[in-house]
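Have a look below at one chain only, the form predicted alone, in structure tokens format.
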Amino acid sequence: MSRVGTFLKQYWMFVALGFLLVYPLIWRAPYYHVLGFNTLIVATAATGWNILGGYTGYKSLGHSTFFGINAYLVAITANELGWNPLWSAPLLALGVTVVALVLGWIMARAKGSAFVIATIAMLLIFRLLALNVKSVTGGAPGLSQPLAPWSPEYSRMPFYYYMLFWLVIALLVSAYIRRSRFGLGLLAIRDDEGKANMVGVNTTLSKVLAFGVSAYFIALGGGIWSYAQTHIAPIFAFSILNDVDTVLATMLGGLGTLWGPVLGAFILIPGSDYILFNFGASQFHLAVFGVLMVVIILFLPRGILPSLRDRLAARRETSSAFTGASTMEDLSDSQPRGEVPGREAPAP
């Protein structure tokens, strides 16, 4: 392996981070800043969702509930109290996490498809509340909030760097959980919840905590999204399509892996944007999403990263079997008498 290849293999994370840091400085058009910001939001949300859906195996399609709640909390506090969303978004997300813990405790009793349906129902309930509590949320028209104080020439660049910071935090939290005793308990629940309970894992508490931690990063993204949009409405803040992006990105990159959700987001969101740019306001991108999900389930059920890891491991095993055998005679001598590689020994 060349020196460049060795360097990239050892320090690829820093190379990737360096690229993300200079990305908005190289591509200065507002379009690229918006695209980068949207991708980082989905990557952060998918990293958080993976703590629940990937580590425990409980797949939620209603986590946009917390995205929408914090989006409205940030807008309301900015209008009524003058709070700066850049610091209120992560602060208010803690309050949303408390709500998520309560809801998670209620829904932890459900399993499998019942859990998925319960999370969808949760999203629809909060969407109806946002539509009908007009005195607080503004109803269907939604709410507006003050514009960002920096010059319009910077476009979404400050939002981009803000979300990049929180993506790094989300990855650090996810990595810590995965290697901790708590994370091992979550993985045990995913593999066999009954056995995990038998060996001393408090499965209910673990699921509720995972539910809350995953909700925090999604709520955080909703809060800063609210500030960047300046105007929000229930149909967008509590959209199930937000969950579809999050889940599909995680499954595409690798469910239950650390880097899979990030890789999936950086493939899915630019790809989706490319389709929308070329096909306009048609629903073609939804059809592509459906086909992509079918392809993932059929050919990459574990996602890109686990599938690549498995193929590389199989290739290493194959190559190691031939290590040290310079000729076919050497390889034949290494086999028991009467055996030929790839064939069974003849019956006596």
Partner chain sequence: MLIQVAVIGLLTGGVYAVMVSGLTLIFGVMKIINIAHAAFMVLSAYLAYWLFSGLGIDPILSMIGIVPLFFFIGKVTQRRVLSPVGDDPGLLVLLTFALAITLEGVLGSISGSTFRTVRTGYTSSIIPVELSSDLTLRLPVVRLTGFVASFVVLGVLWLILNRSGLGRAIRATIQNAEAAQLVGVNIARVRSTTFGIGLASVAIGGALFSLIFSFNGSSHLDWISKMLAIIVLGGLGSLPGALIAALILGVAEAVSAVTMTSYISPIVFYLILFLTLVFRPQGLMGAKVREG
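Positions refer to the first chain, counted from 1. Please read these numbers as outputs of a predicted model, since none were measured by experiment.
There is also a form predicted together with the partner chain; it is not shown, and the following applies to it.
Participant: What is the one choice in 224, 251, 93, 167 with a heavy atom within 4.5 Å of the partner chain in the model of the complex?
Facilitator: Only one listed residue qualifies here, and that residue is 251.
Participant: From the list 118, 86, 99, 208, which entry has a heavy atom within 4.5 Å of the partner chain in the model of the complex?
Facilitator: It is 118.
Participant: Decide if the three candidate residues 114, 124 and 244 all line the partner chain in the model of the complex, where lining means a heavy atom within 4.5 Å.
Facilitator: Yes, the whole candidate spot contacts the partner chain.
Participant: Is residue 79 close to the partner chain in the model of the complex, meaning a heavy atom pair under 4.5 Å apart or at it?
Facilitator: Taking the distances in the model of the complex, the answer for residue 79 is no, it never comes within 4.5 Å of the partner chain.
Participant: Indicate whether residue 73 is a 4.5 Å heavy atom neighbour of the partner chain in the model of the complex.
Facilitator: Outside the cut-off, so no.
Participant: Find out whether any non-hydrogen atom of residue 133 is located within 4.5 angstroms of the partner chain in the model of the complex, and reply yes or no.
Facilitator: Yes, residue 133 sits close enough to the partner chain in the model of the complex that at least one of its heavy atoms falls within 4.5 Å.
Participant: Test of understanding: in the model of the complex, would residue 172 fall inside 4.5 Å of the partner chain by heavy atoms?
Facilitator: Answer no; every heavy atom of residue 172 is more than 4.5 Å from the partner chain in the model of the complex.
Participant: Which residues, if any, of 51-77 lie within 4.5 Å of the partner chain in the model of the complex when only heavy atoms count?
Facilitator: Residues within 4.5 Å: 59, 61.
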